[in-house]
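Below you'll find only one chain, the form predicted alone, shown as structure tokens.
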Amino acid sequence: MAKSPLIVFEHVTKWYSGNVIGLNQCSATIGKGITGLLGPNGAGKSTFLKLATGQIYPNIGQVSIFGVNPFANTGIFTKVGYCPEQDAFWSWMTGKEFLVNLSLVHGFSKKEAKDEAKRVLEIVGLDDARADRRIVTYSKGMRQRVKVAQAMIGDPELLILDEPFAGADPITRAYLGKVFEKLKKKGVSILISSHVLHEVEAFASQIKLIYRGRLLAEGPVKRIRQLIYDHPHRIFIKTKSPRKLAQHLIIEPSVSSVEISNGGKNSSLWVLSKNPYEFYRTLPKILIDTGIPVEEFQSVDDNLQAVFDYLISR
């Protein structure tokens, strides 16, 4: 028997004043495990998460979480932990004081609240020295850790995290990623929003792509990666031998066109490939066989924005 989804959106539309559409006829299910909700800024990710946590209501359609309507239903937070995108601290408090007070709000006794604050602080890697500092002195990475910690108060079954990596330093991002992997192994489900695929692909089992309020694609990380490789790529190559390299590239089946630009010392190539996967396999062999030096190489289309543009143009 199939497992019941944790979150269900049925033909949900949400608009704001000024004819601003947050979500447009969005239908989606979120199951157990870790699901990444990906899209550029303004795509509708925060609207999706606020609807799921009952902070706002849909104008059209229905939302359910754990089988109930979440709107203004505080009872769901016995099972759900939420990390907002925007900071919402009493910044004059220390990190520990903030978490103790939130634990009290959850119904813990004073002693239990102190123990719970210590538990979640340890999970996110904030020691006593940093936890006892006022939040106003915290770096962005430390504030992100505290926000994730407050979402874990009460050991919820489901974490809903809105851009938890935003503005965080690489060390914090790597650390939180490991935290999420450990939580997944313990059976905790996570819905996490981001605008960068590589931030979540290491630990997410499912990805949903949202753009301009619409759900464009969904599936395992491998399928989303394939979407990136399936659309045509523009590849920039900086080399001192652009014409020689162009002669070898233009005959390759994976290459649609080659353009030489910026003559002289700053010569470069722009390659259009309709089979990027094959091109990325072929290029190293050509460079080794010919000995042509390459100073710089990058694909400007190897990103989610390019995938979104490709999907909506089809």
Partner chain sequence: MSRDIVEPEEARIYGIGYRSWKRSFQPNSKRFLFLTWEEIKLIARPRWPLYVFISLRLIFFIFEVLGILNAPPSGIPFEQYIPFKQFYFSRLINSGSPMLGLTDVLLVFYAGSSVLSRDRLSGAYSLYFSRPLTRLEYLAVKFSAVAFYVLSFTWLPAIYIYLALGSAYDFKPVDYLKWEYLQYLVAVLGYGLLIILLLTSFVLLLSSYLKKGWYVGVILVALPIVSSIVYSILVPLEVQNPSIYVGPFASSIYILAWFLDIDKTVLVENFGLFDATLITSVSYVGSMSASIILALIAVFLGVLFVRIRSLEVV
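None of the values given here were measured: they were computed from a predicted structure. Take the two forms, find the largest set of C-alpha atoms that superpose within 1.5 Å, and that set is the rigid core. Numbering follows the first chain given and starts at 1.
Absent from the display: the form predicted together with its partner chain. The rest refers to it.
A.B. asks: Would you mind picking the one in Leu269, Ile56, Val255, Leu49 that has a heavy atom within 4.5 Å of its partner chain in the predicted complex?
C.D. replies: Only one option qualifies, and that one is Ile56.
A.B. asks: Have a look at Arg223, Arg212, Lys140, Lys178 for me and say which one sits with a heavy atom within 4.5 Å of its partner chain in the predicted complex.
C.D. replies: Selected option: Lys178.
A.B. asks: Within 4.5 Å of its partner chain in the predicted complex, do we find a heavy atom from each of Thr29, Phe165 and Ser241?
C.D. replies: Answer is no for this spot.
A.B. asks: Taking its partner chain as it sits in the predicted complex, is Arg119 near enough to touch it, meaning that at least one heavy atom pair lies within 4.5 angstroms?
C.D. replies: Close contact exists here: in the predicted complex, Arg119 approaches its partner chain to within 4.5 Å, heavy atoms only.
A.B. asks: Would Gln144 sit within 4.5 Å of its partner chain in the predicted complex, counting heavy atoms only?
C.D. replies: No, Gln144 is distant from the partner.
A.B. asks: Is Asp132 close enough to its partner chain in the predicted complex to count, meaning some heavy atom within 4.5 Å?
C.D. replies: Contact check for Asp132: no, nothing within 4.5 Å of its partner chain in the predicted complex.
A.B. asks: May I ask you to state whether His248 is within 4.5 Å of its partner chain in the predicted complex, using heavy atom distances?
C.D. replies: It does: once its partner chain is placed as it appears in the predicted complex, His248 has a heavy atom within 4.5 Å of it.
A.B. asks: Where, among 192 to 200, 214 to 222, 104 to 112, 233 to 241, do residues come within 4.5 Å of its partner chain in the predicted complex by heavy atom distance?
C.D. replies: Contact-bearing stretch, as computed: 104 to 112.
A.B. asks: Within 4.5 Å of its partner chain in the predicted complex, counting any non-hydrogen atom, which residues from 175 to 209 show up?
C.D. replies: Going through 175 to 209 in order - heavy atoms within 4.5 Å of its partner chain in the predicted complex - the hits are Tyr175, Lys178, Val179, Lys182, Leu183, Lys186, Gly187, Val188, Ser189.
A.B. asks: Any chance the CA of Lys244 moves 2 angstroms or more between this form and the one not shown, core superposed?
C.D. replies: Shift at Lys244: 2 Å or more after core fit.
A.B. asks: Relative to the superposed rigid core, does the CA atom of Gly67 travel 2 Å or more between this form and the one not shown?
C.D. replies: No; Gly67 is a residue whose C-alpha shifts by less than 2 Å between this form and the one not shown when the cores are overlaid.
A.B. asks: For a quick test of reading the superposition: does Pro276 move by 2 Å or more at the CA between this form and the one not shown, rigid core aligned?
C.D. replies: After core superposition, the C-alpha of Pro276 moves 2 Å or more between this form and the one not shown.
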